[in-house]
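The data below hold one chain only, encoded as structure tokens and taken in the form predicted on its own.
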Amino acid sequence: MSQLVQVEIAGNSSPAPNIYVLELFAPTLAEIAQPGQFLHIRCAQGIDPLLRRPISIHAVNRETGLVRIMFQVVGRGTEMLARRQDGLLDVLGPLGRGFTWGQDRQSRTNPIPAPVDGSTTNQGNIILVGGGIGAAPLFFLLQELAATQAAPRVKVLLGARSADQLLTVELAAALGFKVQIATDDGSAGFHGLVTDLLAEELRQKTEYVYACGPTPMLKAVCTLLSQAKVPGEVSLEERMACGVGACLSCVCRVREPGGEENHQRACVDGPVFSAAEVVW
């Protein structure tokens, strides 16, 4: 159940150029938030800019009530948000349909049967693929997976244009996960695309893949998963105005189980979709 609340800004940091992390004291949101969901934030106290900005939930501490969001400055709204050091934010959330794991995967529409966590016949690696700012919501998923029996099988693949744009590498490693990195310019890790790393990992037994990043990356991920017959989920980056499914500005094409195509709203039916149902 989403809420409209005033939350207190508890911190502001910049882990990379043009990237900011706001820490929010929001106990009621922290209690119910799930990985892959987002917050719809009013960036100013007035109505300029008019529209809220959708920003994914980066991390949650349910004990302290702290919620972190990580975002890239891309316009006037996020620039205003990046300057905030204290005070209150008007927040609507958590919104959207997030990532699933374990038995919950069976609720996804997916032509490729998704194995159930813990099965002895389908166990394999669980791979998280993040590109650029797409690494932000994946860290919240890692926080949840760290407490499950699947944690030893989780691998994290993170990519960016250059070393200074890599995000959450140290945070993921601190949770005990194996992290591989790729940069377009070769300034850190593998010289190439993070999807090249994924292609290599898919040669091994893989149970499930989660991905978030720019559209070309997600399209490549879905193609690789289809070829390898591996199920997974992708978090789509769509422009959202209302955040609650009313304005239809974020519709995307999906393929139904029978093969017919349909349109769904990323803000309420997603932003996380089965990799097999997205039509690119």
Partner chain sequence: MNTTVNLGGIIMKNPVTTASGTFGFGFEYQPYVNLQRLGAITVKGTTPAPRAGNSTPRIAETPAGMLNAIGLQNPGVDRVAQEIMPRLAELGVPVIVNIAGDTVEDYALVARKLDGVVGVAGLEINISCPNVKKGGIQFGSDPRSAAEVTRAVKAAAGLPVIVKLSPNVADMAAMAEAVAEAGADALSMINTLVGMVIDVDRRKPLLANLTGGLSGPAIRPVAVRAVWQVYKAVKLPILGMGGIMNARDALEFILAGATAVAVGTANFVNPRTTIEIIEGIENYMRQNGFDNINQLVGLAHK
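Numbering follows the first chain given and starts at 1. Because the structure is a prediction, the values reported are computed rather than measured.
The protein also exists as the form predicted together with its partner chain; that form is not presented, and the subsequent description refers to it.
Contact between Arg53 and its partner chain in the predicted bound form at 4.5 Å, heavy atoms? Within the cut-off, so yes.
Answer yes if any heavy atom of Arg68 is within 4.5 Å of a heavy atom of its partner chain in the predicted bound form; otherwise answer no. Arg68: no, not in contact with its partner chain in the predicted bound form.
Ser249: heavy atom within 4.5 Å of its partner chain in the predicted bound form? Yes, contact at 4.5 Å.
Touches its partner chain in the predicted bound form: Pro49 (any heavy atom, 4.5 Å): Contact with its partner chain, yes.
Among 223 to 231, 60 to 68, 40 to 48, 27 to 35, which stretch has residues whose heavy atoms lie within 4.5 Å of its partner chain in the predicted bound form? Contact criterion met by 40 to 48 only.
Within 4.5 Å of its partner chain in the predicted bound form: residues from 232 to 249 (heavy atom criterion): Heavy-atom contacts to its partner chain in the predicted bound form: Glu238, Arg239, Met240, Ala241, Cys242, Val244, Gly245, Ala246, Cys247, Leu248, Ser249.
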